[in-house]
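Okay, so we've got the same protein chain twice, two forms, each given alone as structure tokens, structure 1 and structure 2.
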Structure 1
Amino acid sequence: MHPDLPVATDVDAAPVVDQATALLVRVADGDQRAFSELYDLMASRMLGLVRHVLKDHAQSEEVVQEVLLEVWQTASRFDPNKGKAVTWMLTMAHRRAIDRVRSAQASRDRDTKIGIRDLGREVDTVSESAEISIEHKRVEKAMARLSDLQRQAVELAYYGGYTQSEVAEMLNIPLGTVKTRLRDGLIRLRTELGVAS
């Protein structure tokens, strides 16, 4: 014990405990003013406990907010014959803080596992480049087998990034004609490339 800090005695704590229990019973009945008073009475105590577990002030505030929301939503479950409101609320806060620590640790463990798993993979860039080059040549050869009109529509839509309506406008042809040319061109490309639809 530190000699400069005041020590709370049972006499000091008893009024807070009794007040919190009375307020929580009123909160269970939907009394918003009682919840406001309970918030003022308990928030700093809860924050101190949670901050002791989490160390991070922002996360601690977030956890306390979550717990206070839970208190508002579940106050009707509190039974004053089984315990004190202070104990009930501080237990909820402590458990939520521990859950947050465990969740953060599990996330770090997952990230580490994934990092270790991905770390061992070597990438064969030469092989990858060769595959891309071969695939590019196959597509060029297949594109050469399309009719000029089909190739023009496919190149504008897929390589140029234009919409079907924009292609129709650029070529000064009806939208239905563009759709037909694209459909027929893609069917022909699938056949040439040996891709099952």
Structure 2
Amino acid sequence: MHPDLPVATDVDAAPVVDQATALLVRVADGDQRAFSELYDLMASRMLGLVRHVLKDHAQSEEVVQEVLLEVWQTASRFDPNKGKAVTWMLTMAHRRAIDRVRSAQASRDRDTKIGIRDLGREVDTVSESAEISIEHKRVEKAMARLSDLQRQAVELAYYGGYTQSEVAEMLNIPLGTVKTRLRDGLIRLRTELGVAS
């Protein structure tokens, strides 16, 4: 009808986001059926993220189960005016995954070489995730706009689960430099992804 109207790029992703938020609001009222639907919508995405960080499948399932139970318990604390349910749940899952990785530090080889090798694999995995193609392509495109150094820092921190101090140590650069790269990288992503600041 109006061919020159701007095309909303996230039009396909929006329903999932809205659906999750609507379901979570119902879950807060004790609706177990809504929780079941929320599980179907989110469990594989949460597991994808957690396993990306943790690697071990069995441990990752444990983490997802813990987080989803926590979602059930604390759904009433979610405020739909302050963010999306998808973000809320993935943030919880990410946190639990990095906590697990860090507490298992002794058993996990986190030296520089392994870290860097892991990084290469992370990038491959991200670029293969065609299933959630809309979001994935947007993120991939946005990541490509970062400098190599920014991208490396963001990936080590977010997907690798390393703290900023660990990243500094691994790359043998000052902590302040890591902080700046993370900040600049994230701001660039925010702009590229069209998130309001």
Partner chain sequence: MSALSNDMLETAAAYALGALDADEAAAFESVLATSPELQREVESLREVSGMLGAATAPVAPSAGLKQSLMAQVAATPQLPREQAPAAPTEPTAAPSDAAAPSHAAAHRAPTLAAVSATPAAAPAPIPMSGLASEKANARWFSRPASLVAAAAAAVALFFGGVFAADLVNPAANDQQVLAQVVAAPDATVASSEVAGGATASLVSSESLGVSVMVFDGLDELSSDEAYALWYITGDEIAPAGLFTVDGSGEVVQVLDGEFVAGTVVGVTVEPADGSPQPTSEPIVAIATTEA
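Every value quoted in this text rests on a predicted model; they were computed, and no experiment measured them. For numbering, take structure 1's sequence and count from 1. For clarity, a rigid core is taken as the largest C-alpha set superposing within 1.5 Å between two forms.
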### Task
Name the structure that is the form predicted on its own; the other one isn't.
1
### Task
Look at Ser44 and decide if its Cα position differs by 2 Å or more between the two structures after superposing on the rigid core.
no
### Query
Rigid core superposed, Val167 Cα shift between the two structures in Å?
67.9
